[in-house]
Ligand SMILES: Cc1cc2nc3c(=O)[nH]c(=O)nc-3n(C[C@H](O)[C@H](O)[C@H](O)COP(=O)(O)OP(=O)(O)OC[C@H]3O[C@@H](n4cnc5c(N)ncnc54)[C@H](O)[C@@H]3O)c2cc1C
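A lone chain, given as structure tokens: the form predicted alone.
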């Protein structure tokens, strides 16, 4: 069965690519339906969601961020408000605006331009790996494609708890080289913990954090690994988008905007290949050049992540207070926005 494009992975990155394409597109994921399997805090910028036209997926708009560092509580008033979203609704809106066919299947292998699954083999010259940090297809080409380090790990729970601000805690005694957070979502909040070192035995830390608010971990506990290191955006004749290409932003762990941002560009290039406006080789080169032009920003954010997780808390607080100065904050916020802004 031949398609104009095959996309492995039906989350933000894969759906971001599919949304752009107008050809005969197959979207493969082991999930049973689009929007299953939330793993992140699902927060992005309100303006970004409005550009996409998906405001109906918004749970709560947030214009205040509080950074707790030791005894310091540093409050930031955001010029670009954030918004938490309903993961399933958001993914289904993306899928609804695509022409892709969805197949629930497990990927077993790769034979040239054929993707082998437990539901059969599917062929295309344009194949996209948007399968997340594991980079399922790229790993079949290069078994060392996914580095042993360069990943963070986080989990969160969703108790009934109303909050107005997005709050972040740095507490080395409770979580060395990691953070805690509260992302408000209307009547409930997402309370979580992450290790920048990729440690997975952090549930006890989450339990202690949640307990400090008089709450308990709910049955809905989700999370997983997310990359903090930029990777190659192509492997063989395969395009990589989102976490598979390490496009989640270091330090902040923001993955939705970059996934859709790079997914849009990847989709536009693949459409040119489908339309025979450029060859597959040229398309791979153009996408790689585009993605790699952003590497310096990822390198800077990763360096900042390493520095801030290896200095005393009072220096982290001092740095945060400096960035929070009105002119500095305005400049930094705009520069950060521009890293993955839809034009």
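Numbering follows the first chain given and starts at 1. Just so it is clear, the structure is predicted and the values come from calculations on it, not from any experiment.
The same protein has a further form, the form predicted together with the ligand, not shown here; the description that follows concerns it.
Of the listed positions (159, 172, 150, 224), a single one reaches within 4.5 angstroms of the ligand by any non-hydrogen atom in the predicted bound form, namely 224.
Note on contacts: among 269, 259, 128, 138, the single residue with a heavy atom within 4.5 Å of the ligand in the predicted bound form is 259. Contact check for residue 263: no non-hydrogen atom falls within 4.5 Å of the ligand in the predicted bound form.
The closest non-hydrogen atom of residue 25 lies beyond 4.5 Å of the ligand in the predicted bound form. The ligand is not drawn, but in the predicted bound form it has no heavy atom within 4.5 Å of residue 179. Remark: residue 99 does not count among the residues lining the ligand in the predicted bound form, judged by a heavy atom distance of 4.5 Å or less.
The three residues 29, 43 and 106 all sit with a heavy atom within 4.5 Å of the ligand in the predicted bound form. Partner contact region in the predicted bound form: 242-250, out of 269-277, 119-127, 208-216, 242-250, criterion any non-hydrogen atom within 4.5 Å of the ligand.
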